[in-house]
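Single chain ahead, by itself, as C-alpha cells, in the form predicted alone.
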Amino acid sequence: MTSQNRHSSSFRDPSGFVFVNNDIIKRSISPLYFEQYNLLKSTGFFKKLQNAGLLIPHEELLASEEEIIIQPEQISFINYPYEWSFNQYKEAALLTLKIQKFALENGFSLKDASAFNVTFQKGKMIFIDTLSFDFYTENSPWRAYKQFISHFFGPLLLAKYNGLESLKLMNSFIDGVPIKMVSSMLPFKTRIHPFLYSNIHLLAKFEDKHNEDYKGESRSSNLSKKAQLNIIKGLYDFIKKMSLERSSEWGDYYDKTNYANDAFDQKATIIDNWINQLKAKTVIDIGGNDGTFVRKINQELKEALVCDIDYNAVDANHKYVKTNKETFMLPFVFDILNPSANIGFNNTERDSFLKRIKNYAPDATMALAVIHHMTLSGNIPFEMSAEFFSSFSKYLIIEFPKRNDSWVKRLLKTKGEFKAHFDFYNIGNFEANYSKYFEFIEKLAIDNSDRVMYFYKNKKN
C-alpha cells in the first residue's frame, strides 16, 4: 500500500498526514510519531475514547518500519466551525476540553486544539485528529491553550456579546481569531470579570509581549498538572453555562407562517410521497429551518443534511437531535446566497460547500419556501438558481410561492419603486427556466395557499 494522494488540508503535522485512496480517507503515520501511537494503542487510550464516542474509531491497515497506515471510520459530510450554531460550537469546545482532561489524567496532552479537529457524526460532535496527542511533560503548560482560546472560547464570547454572526469569523481566521482582536471587541465589563480578564485580556497582553520578543528571550512558565486541570475545569464550567437570549425571524418560522393546518399537512404528505417514490436514503433540505418537514418523512433515511441561514433555527434543530437522540440528522448553518467557499493555503485546505455536496451526492434535494428569498432578496435570476440546484441535485423538490403569497408580497413591498423590475417573478418564468436543467415529474398545488410544489429530475441523470 502506498500513501499517495495526500489530502490538501493535511500538511501542518509532521507526525503524519491524511490521504485519499480509492475515495477512502486514510492516515499515514510517520516513524516520528510511532512511540506515541504505540503507547496510545497499547495502553487502551484510543479504545477508551473511541468506546465513549469521543474519538473517531480507526482500523490499522499496515505497520512497517517506514509508516503505519490507519483507516478511520468514514464521515460522509464534513462541516466546519463557521457552519455551526452557538450550541453546536459549545459542544465542540466542551468535547475538546473533555478529551484534554482525559489525556492529562492518562499521561498525554493535546498538542493542538484546532476547531477543525472536530466535526459532527451521527448526531454529535466527534474528534477526528487521531494524531493530536503527545506525551505530557511534568509541569509544562498546555501548549494548545492559546489555540483553544482563539479557536473556541474567543469566538463563543464574541457570539455572546456581539452577535451570532461572529461565529463566521473562523472562515476568515483559519488559524483562530486573534486574541488581541477578541479582547478589543468585548465590552468593558468583561475586563473586570476575573475569569475573562485572565483568559482573554491578560492573555492578549502576553501575546503582544511575546510578539515583540524578537530574540526569543521569553521564558516558558511552569504549571503543575493540578493547576492545568483547574484551568480546564474553569473553562469547561464557564462554557457550559454560556447562553444566548436572542430571537430571530426564522427561529419560530412555523409559528408565524400563515399556512392553514390542512395545507401544512398536505405539503408534508406531498414531500413524503415523492421521497418514498424515490426510495431516497440521503437528502439535503436547503433552508430546512428546524427540520420539521424532514422529520415528517415516513421513509427511513440514512442521513439528512438540514441547513438554514438562521442560527437559532439550526440551534433548535440541534436541540431536537440531542433530545430525541437522532443519529441521521445533521443541522448546520448555511447561507444560500453566499455558500462556504474554498479557504486556506492554496484555497484547498477547507472545501467549499459545493465541492462537499457534489461529492456527497444526496438522493434528493428539498428547497421549500426558498426560491422567493433567492429571487427577491438575493436578486438571483431563476436560471441561475436552477443551475445552482442542478449542480448537485439528482432530484429536486421545490416549492414556489406565487405573487399573492403573503411572504412574496412582503418581499416585493421592500423593493419600493423598483417593484416593477420583478414582474418576471411568476410561475411561467419559473417553469421555463427550471425546464432547461430539470425534467418535470409532477406538480401539485397546495390547497388553501398560494404555493405550488414541483418534483423535478436532473436532466444530467
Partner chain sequence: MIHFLYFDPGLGAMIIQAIVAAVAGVILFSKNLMFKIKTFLGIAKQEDDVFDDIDVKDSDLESKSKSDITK
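Quick caveat: nothing in here was measured; it's all calculated off a predicted structure. Positions refer to the first chain, counted from 1.
Another form, the form predicted together with the partner chain, is not on view; read the next lines as being about it.
Using a 4.5 Å heavy atom cutoff, Asn87, Glu207 and Lys322 all lie near the partner chain in the model of the complex. Checked against the partner chain in the model of the complex, the candidates Leu54, Ala63, Ala432, Leu39 yield a single residue with a heavy atom inside 4.5 Å, and that residue is Leu54.
Note on the partner interface in the model of the complex: the residue among Tyr395, Phe392, Tyr33, Tyr425 having a heavy atom within 4.5 angstroms of the partner chain is Tyr33.
Segments offered: 276-284, 222-230, 156-164, 381-389. Contacting the partner chain in the model of the complex at heavy atom distances within 4.5 Å is 222-230. In the model of the complex, at least one heavy atom of Ser198 sits within 4.5 Å of the partner chain. Although the partner is absent here, Ser184 lies well away from the partner chain in the model of the complex, with no heavy atom inside 4.5 Å. At the 4.5 Å threshold, heavy atoms of Ala268 stay clear of the partner chain in the model of the complex, well away from it. Ile336 falls outside the set of residues with a heavy atom inside 4.5 Å of the partner chain in the model of the complex.
Contacts between 136-167 and the partner chain, taken as any heavy atom within 4.5 Å in the model of the complex, involve Thr137, Pro141, Trp142, Arg143, Ala144, Tyr145, Lys146, Gln147.
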